[in-house]
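We give structure tokens for two forms of one protein chain below, kept apart as structure 1 and structure 2.
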Structure 1
Amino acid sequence: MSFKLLFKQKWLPIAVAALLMSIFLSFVSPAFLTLTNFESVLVQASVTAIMAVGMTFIIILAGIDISVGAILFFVSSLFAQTLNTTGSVALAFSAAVISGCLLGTVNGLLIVRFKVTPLITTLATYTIYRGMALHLTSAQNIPVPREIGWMGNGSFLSIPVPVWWMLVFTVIGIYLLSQTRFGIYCKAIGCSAQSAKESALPINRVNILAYAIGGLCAAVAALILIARVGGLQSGIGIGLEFTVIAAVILGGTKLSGGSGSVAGSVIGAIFLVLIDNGLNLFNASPYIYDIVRGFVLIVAVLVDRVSVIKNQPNALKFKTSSEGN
């Protein structure tokens, strides 16, 4: 791969940032450069990273889904409740995966059929899914036996299972985005919905599929997370959506759509964990985390903007469209 090609990769800035952060952390704490620590960082990042893969497609389509945290909550509730009442592991897993895809599809259908802004649609479904989840379990915690939690706690060939899943989703995601028609359509539609329409691209189907994938990612992430916390716990997953969106943006995907990087989103998720790691090493007050994360987000968009300005000097003065996002 020539250097020119490397510099064009959208995930390069976040990869560099992650690398610099790692070097910095290894100076500050000797414990950082150990294998167990690497493993722990990757495992911690896995939940966000997998969801970020799905979110990447949605954002490339110039859409957004702020209900993914609630989908995770619902899937966890359904999984634990099914396991509890039927005792069948297979049934519980199937219910989890199917419900995730279903809820994602519902999001897609509502957006496509009623043409309501994705932000508002998923805002509405966020409250609905959350209500459904609470209703299902009457706000109780439901433990999941540790053996069944192999999704989150097991390891295969001495690599933790969550890391495997992260790898699998990353590879499939990269392939989908760059090598399939679906991926190309996503980028085209996100770039210009008008031209896509004129080219008779299957806009509706692509959108629904993207949101369904987002739901599937949330379902897998749910299975990992509840395994690690020991079962369905109050409010699990609620609030995750913003971390996921942040990871995707940090990874180089543009909120206005049209281009993006699955690898970038995954590295973005890892980068966020590294920040937490770093703050923790400094025994930072828990509230500093929010300030730092907000700051990092703004810097990331700034950096991105600077690169755009370098290429289009008029971009600073000229806003050609009103972006709601």
Structure 2
Amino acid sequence: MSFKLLFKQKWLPIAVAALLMSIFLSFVSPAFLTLTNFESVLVQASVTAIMAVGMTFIIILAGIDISVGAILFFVSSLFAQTLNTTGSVALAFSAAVISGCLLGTVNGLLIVRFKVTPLITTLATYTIYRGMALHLTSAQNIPVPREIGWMGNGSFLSIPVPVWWMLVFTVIGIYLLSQTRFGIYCKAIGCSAQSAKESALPINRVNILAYAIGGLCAAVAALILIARVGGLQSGIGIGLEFTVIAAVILGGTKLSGGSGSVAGSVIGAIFLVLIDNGLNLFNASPYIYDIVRGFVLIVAVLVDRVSVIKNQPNALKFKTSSEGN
């Protein structure tokens, strides 16, 4: 890759920010540069990163999915309940993955069939999915057998299993976005839904598939997370959707749609974990973490907005003049 092409990559700013953050933290604490800490950062980032891969396609379509945290919670609940009831890992795994895809598909169907905005639709399904999970488990914590732990704590070729999952989903996501019609259609529809409609692109099918992929990614992330913590916890997934969205925006995907980067979203997830890692090194209060994430999300949205205004100054002038009339 030439330097000219490198500088055009959407993930470059967040990659530089992550590198600078790493350099700073290495000076703050020598423990940061250890292999153990590096693996810990990647493992912690894996759940958010995998979900961010799916969210990238949704936001490129100028959509949003507030329900991914609730999908993760429901999938975790169904997995734990099925495993403890039947004792079959294969059945529990299948039920979890299929349910994640189905819940994501429901989001897509509601959006394209009833023409309800993605924000309102997924805000409603967030409540429904979380309520379904609480009803399924009676809001109880459910442990899972130790052998399940390999999905979240095991290793293969000396690399943690969650990191392998993250790499696999990143590669697949990059391929789908850059080498398939689906990825091309996502960008085209996100740029202009009207032009895509006039070009007879399968807008509805693309949207439904994108939300289904988002549900699948949330399901896999759920399996990793429940394996890491050793069981279902009633508060699992709360607020995770905003961390995922922040990672995607930080990675260079525009909220207005039409442009994005799967690699950038994954690096954005790693960057957010680096922030948490840094706060931990400073022995910061755990209550500060959410405040910092909130500020990071605001900054990411502002940067995205400034980028849109910079690239579309005429559109802004038109809007201003229209409001004046």
Partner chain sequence: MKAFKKLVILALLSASLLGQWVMAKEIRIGLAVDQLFESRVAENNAIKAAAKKRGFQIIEVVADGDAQTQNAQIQSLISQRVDAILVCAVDQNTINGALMRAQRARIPVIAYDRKLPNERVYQAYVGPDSVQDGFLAGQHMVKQLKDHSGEILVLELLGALNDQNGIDRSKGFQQALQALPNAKIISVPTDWDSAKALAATQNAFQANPSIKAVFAATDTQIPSIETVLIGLGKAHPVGHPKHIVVTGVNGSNDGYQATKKGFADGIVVMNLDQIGEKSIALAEKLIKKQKVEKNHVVAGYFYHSGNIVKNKDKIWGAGQ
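In this text, rigid core is short for the largest set of C-alphas that superpose within 1.5 Å between two forms. Model, not experiment: these values are computed from the prediction. FYI, numbering is relative to structure 1, first residue = 1.
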{"item": "Form predicted on its own - structure 1 or 2", "value": "2"}
{"item": "Rigid core superposed: Phe295 CA moves 2 Å or more between structures 1 and 2", "value": "yes"}
{"item": "Core-aligned C-alpha movement of Pro286 between structures 1 and 2 reaching 2 Å", "value": "yes"}
